[in-house]
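One protein chain, two forms: both are listed below as structure tokens, the first as structure 1 and the second as structure 2.
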Structure 1
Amino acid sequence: MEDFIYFFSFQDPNVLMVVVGISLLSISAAMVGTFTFLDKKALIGDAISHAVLPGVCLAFMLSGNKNPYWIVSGAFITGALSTYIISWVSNYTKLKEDTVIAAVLSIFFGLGIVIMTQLQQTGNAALSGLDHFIFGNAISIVRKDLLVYGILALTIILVILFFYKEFKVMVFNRSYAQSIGLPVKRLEFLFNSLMVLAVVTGIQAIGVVLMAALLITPAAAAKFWTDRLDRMLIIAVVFSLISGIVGAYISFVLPHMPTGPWVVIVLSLIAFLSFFFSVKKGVLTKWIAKRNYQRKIHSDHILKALFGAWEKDKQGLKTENIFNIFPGKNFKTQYSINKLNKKGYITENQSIIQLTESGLTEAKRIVRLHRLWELYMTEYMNIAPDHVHDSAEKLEHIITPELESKLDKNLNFPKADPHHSIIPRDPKKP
């Protein structure tokens, strides 16, 4: 708890610096990542983050120290080279893009490791923090580095805001962008550079291996909350900020713990929560909707069975008969019967189930839709009467009142369906 207050009161200027730094980089990565995600280029970010390693190592080799300017330049050069090579090789050979990405990624990383092992033999003490570039440790960033990375992150954010509209058109409709005269090639180049810069900014805090997550995950999570680009950007930024700061806090409390993995863990947690519980598209939300729909279908079928009995002038059906219609689904049937009872559609008396007034209206409505649709299929689609039942069975639950009146009108208010059953009508309505 003490640590918590100490960290989040920002009384330590070093802590404040780390938090500002990681916030800027989380924001820039999430913004770039949102566009890469929508452009379906998520894995190119992964390739870039591996490909900066040889650049970082070469910069060490040439400069002999951890000068951030050299490192950023080195990383930028090899990172950009990798995106160029990927598009070049996948355009001019028959190889698929994912193969090319995987190949380029591993080749660059291999090269990086060769150079790194070379460096380690020189025994230069200044190189001791080299592994921070692989696993990332935000706490290891010093003031001098922070200035460079902070400015870079700010630049990325500003450029994206400035070219927001252009990037939006480019990502969603490339051919439209071309047709309205946008310089798509140049925009693409600019965007790729931003992507490389975002990776370069993040490597020291997050590490090369996990940097890809900071590009992909916030956008993927945000996509589950909204379909609008502006909101998606904001949500992605918020998710990314939270994980960045929590990650930094954890590596502050546990001193030997690299920051990168924790940022990624928090981020993945947020993403999975979004996948399951988002109001719009979450797996759980969809599952509940599907279950409710299936329950509606089931109780519709019970009403239809009762209506069948009513048509034959029977006084309802025995409860066990209803259970027998749906073999093996006793639990579900009991649930539907309770529900229908609650709604006042049926009454259960001495194990005989009868339709109430409102139940009869509802049952008529469903049967009417079923028979209208059957008739429509035979009249307009020329489908044989014995083939239309299944389709009607599906559509009776979803035909809207507007569609119903349209069907009625087009079929000239028919009296009977193709099987010569009477189409039940509501006496209250004409």
Structure 2
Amino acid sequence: MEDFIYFFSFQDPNVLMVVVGISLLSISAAMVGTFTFLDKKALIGDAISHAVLPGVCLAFMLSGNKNPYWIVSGAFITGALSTYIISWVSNYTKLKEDTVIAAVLSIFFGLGIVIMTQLQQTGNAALSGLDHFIFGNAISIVRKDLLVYGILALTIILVILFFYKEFKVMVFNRSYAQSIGLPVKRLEFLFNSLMVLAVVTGIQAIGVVLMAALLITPAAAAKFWTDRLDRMLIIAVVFSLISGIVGAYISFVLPHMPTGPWVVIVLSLIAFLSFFFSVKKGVLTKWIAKRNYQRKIHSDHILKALFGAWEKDKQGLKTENIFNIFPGKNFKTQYSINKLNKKGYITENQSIIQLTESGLTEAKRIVRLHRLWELYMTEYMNIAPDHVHDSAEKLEHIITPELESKLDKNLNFPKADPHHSIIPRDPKKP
């Protein structure tokens, strides 16, 4: 608890510097990653993150130390080179892009590992900490690093905000962007450069291996919560910030623990929770909505059965008769009866279930939609009357009042369906 208070009170300037650095990195990565994810370039981001390793090692060989200017320059050059090779090989050969990306990723990362291994055998004391560029170590960020990486991250954020509309059009409709005169080629070049810079910015804090996760996972998780780009950007930034700061805190508490893997674990947890519990697209949310919809359909069918009895002047139906109408669904039927009872649509007296006034109104509505749709299919689709029941059974639950009104008007307010059954009307409506 003391470590938690010490870290998040920001009384230590070094901790503050780390938090500022990881925050800027997280924001810039999430913003670039959102457009990358929507532009279906997630694999290219992964290739770039692996391709910067030989650049980092070569920069160290040339400079003899971990000077951030040299490291950034070397990483940017090999990262940009990898995107150019992927683009060139994909355009001028018959190889699929994912094949080219996999090959470039493997070659560059393999080359980086070879150079790093060679460097480690030299016994150079300045090499200490070079392997942090593989899995990252946010706590090792110093003032000089923050200056370089922070300026890069701020540049990325400002450029994306400035070209927000242009990137938005380019990502969602490239042809339209060209038709309105946007310089798509130059925008693509600018965006690819930002993608490389975003990866380069995170190599020290997150590491080259896992930087792709910080680029793509926040956007993928945010997509479960919204379909609007502006909200998706904000949600992705929040997710990225949370994972980045939590990863940095764990590295602070456990000094031998690299930051990158913990950032990815936190991000994965957020993505997992989004996958199951997001309001619109979560698996659990969809399952609950589907189950509720199926229960509503079953309740509607019970109301229809009771309405059929009402049309025949019967005083409701016995409970056992309703169970017999839906064989094998006793539990579901009993649940629906209880729900209809609670809503006040039915009453149950000595095992006889009857429609209440409000239940009769609701049953009339469902039957009316069913019979209107049957009539529409026979008159406008030329479908035989004995083939329209199943389709009407499905659509009667989703026809809106507006569509009901159009159906009624187009059919000239009919009084009977194709089977000569009366279409019930709501006396409260004209």
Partner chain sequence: MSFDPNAFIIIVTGSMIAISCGLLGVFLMLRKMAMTGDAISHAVLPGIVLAFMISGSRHGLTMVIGAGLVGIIATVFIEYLSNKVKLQSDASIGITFTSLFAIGIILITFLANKIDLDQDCVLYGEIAYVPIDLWISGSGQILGPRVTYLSLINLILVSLFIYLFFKELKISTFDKEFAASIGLSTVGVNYGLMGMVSYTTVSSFEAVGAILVVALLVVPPATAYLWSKDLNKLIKITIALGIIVSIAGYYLAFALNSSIAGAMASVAGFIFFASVILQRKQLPLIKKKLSGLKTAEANTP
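The first residue in the sequence of structure 1 is number 1, and each one after it adds one. Only the largest set of C-alpha atoms that superpose within 1.5 Å between the two forms is called the rigid core. Not measured: the values here are computed from a predicted model.
Both panels show the same chain in isolation, but it is structure 1 that comes from the form predicted in complex with the partner chain. Put the two forms on the same core and the Cα of W225 is off by 2 Å or more between the two structures.
When the rigid core is fitted, K415 shows a C-alpha shift of 2.8 Å between the two structures.
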